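Only one chain comes next, encoded as structure tokens, the form predicted alone.
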Amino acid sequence: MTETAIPERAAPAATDLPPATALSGWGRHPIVKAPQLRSEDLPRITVGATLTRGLGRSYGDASLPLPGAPVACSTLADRFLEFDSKTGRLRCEAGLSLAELNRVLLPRGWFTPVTPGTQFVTLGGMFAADVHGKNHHESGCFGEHVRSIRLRTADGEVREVGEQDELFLASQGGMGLTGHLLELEVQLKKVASPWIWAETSPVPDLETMIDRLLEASRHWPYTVGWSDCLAPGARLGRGILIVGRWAEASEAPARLPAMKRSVAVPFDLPTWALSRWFVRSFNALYYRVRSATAGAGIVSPQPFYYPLDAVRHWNRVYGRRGFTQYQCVLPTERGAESCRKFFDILVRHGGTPYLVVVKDFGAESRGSISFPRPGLTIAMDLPMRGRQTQTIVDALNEHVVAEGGRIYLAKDALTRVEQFRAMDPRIEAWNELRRRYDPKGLLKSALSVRLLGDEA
């Protein structure tokens, strides 16, 4: 690891701070009022910031400062710095968005080895959350493909950190709490064409879904299941299995995929759109339509990887009170029975999620507190309904603790500290390393105060 002296920069004076604005994650809960610093000069504005924030697409409070604390926004620091067209090695600023990377480099035959379910994220945020995708069983997390990072730690130093360094590993999945990420170097993936060969098929129940998902992971690089957890009786967990791979040049169209125009949810939907009868009806209709149109063929990467990006402001579906996305991983050895118990607990406590996402995880990430471990991961959106939603999350977390699983911090808003620590004993060693670079506890977030022991 090499360290460089800080350039002659000064933190923005308190009198220069912009007015506090309302900030939230994609779930729109919670909301924090704080000044947000924006500049192309990310090294300068991070000097006095308590956290760096990208496009704000984590769901809960991971990208939120404490009320009134300045947060640096990285989105103007979005430049390509170096790119080797022969090897696919990219050096960029942390605020570069995945959408921009795809726009520029996918037509040239390069793609990120791991992509989350939206392209409206920064590469810095992808590393901080150590995002995973439909190919975790084959390619692991995004951080596995990052070769070095440049970050400003809380002690003021700007450090160039390689992938074997303990600070790098603590930062991979460290939710931005080990330092302000300024730049990163990523190894991209060469693809044969900018198109996807995809296959979809209906699945009648949860046990069959899990069996077919695990089998598909042996043959396909990209796999995911959409499940209906509100289907009655033996049909619980029925859904659509989706698998895919990059199409070969010989089977793909010669033209580039067109970017489809997006539609927008124009306003917050009324509460009846979240009622059990409506969600159950929607899920049943979705299953019937997707079953009728199941098949195989060439598709654009946009609907395959980022289906919800076609709907702008889709988070408005959950109304003004917002929602939380809950994601956990249950160890593979616990089997389908553990997943069925999870669904039973969800339904028994009144959970009414639209279709649930189920994926197969491969090896545990090298990140010190990164989320994935071998097992089945389940993700769903839960509308914020005060105490009821908290009760659902508490009950699901009790099951996850008992099964030896863990939750994803980039999605969480409601987990209690005692449950989180029971899930993830790695947090003590990670906190100890973090404090070596931040003995005064200057870097913090709403999440770190809630779950990781930071002082408010």
Partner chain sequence: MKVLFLGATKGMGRALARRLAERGEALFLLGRDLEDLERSARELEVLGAHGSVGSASCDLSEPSGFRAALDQADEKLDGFDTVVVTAGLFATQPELEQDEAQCERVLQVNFTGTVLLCEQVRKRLLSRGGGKLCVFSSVAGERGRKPVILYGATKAGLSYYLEGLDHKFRSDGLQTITVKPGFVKTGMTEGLDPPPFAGEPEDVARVVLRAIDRGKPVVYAPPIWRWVMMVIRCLPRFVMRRIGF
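Since this is a predicted model, take the numbers as computed values, not measurements. Numbering follows the first chain given and starts at 1.
What comes next is about the form predicted in complex with the partner chain, which is not displayed.
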Self-check item: Listed residue (Phe278, Phe80, Trp314, Tyr286) with a non-hydrogen atom within 4.5 angstroms of the partner chain in the predicted complex
Solution: Phe80
Quiz item: Counting only heavy atoms and a 4.5 Å cutoff, which of 415-423, 37-45, 384-392, 53-61 contacts the partner chain in the predicted complex?
Solution: 37-45
Quiz item: Do Pro439 and the partner chain come within 4.5 Å of each other in the predicted complex, heavy atoms counted?
Solution: no
Quiz item: How about Leu76: is it within 4.5 Å of the partner chain in the predicted complex, going by heavy atoms?
Solution: yes
Quiz item: Is there a heavy atom of Arg103 lying 4.5 Å or less from a heavy atom of the partner chain in the predicted complex?
Solution: yes
Self-check item: the partner chain contact at Arg108 in the predicted complex, heavy atom, 4.5 Å
Solution: yes
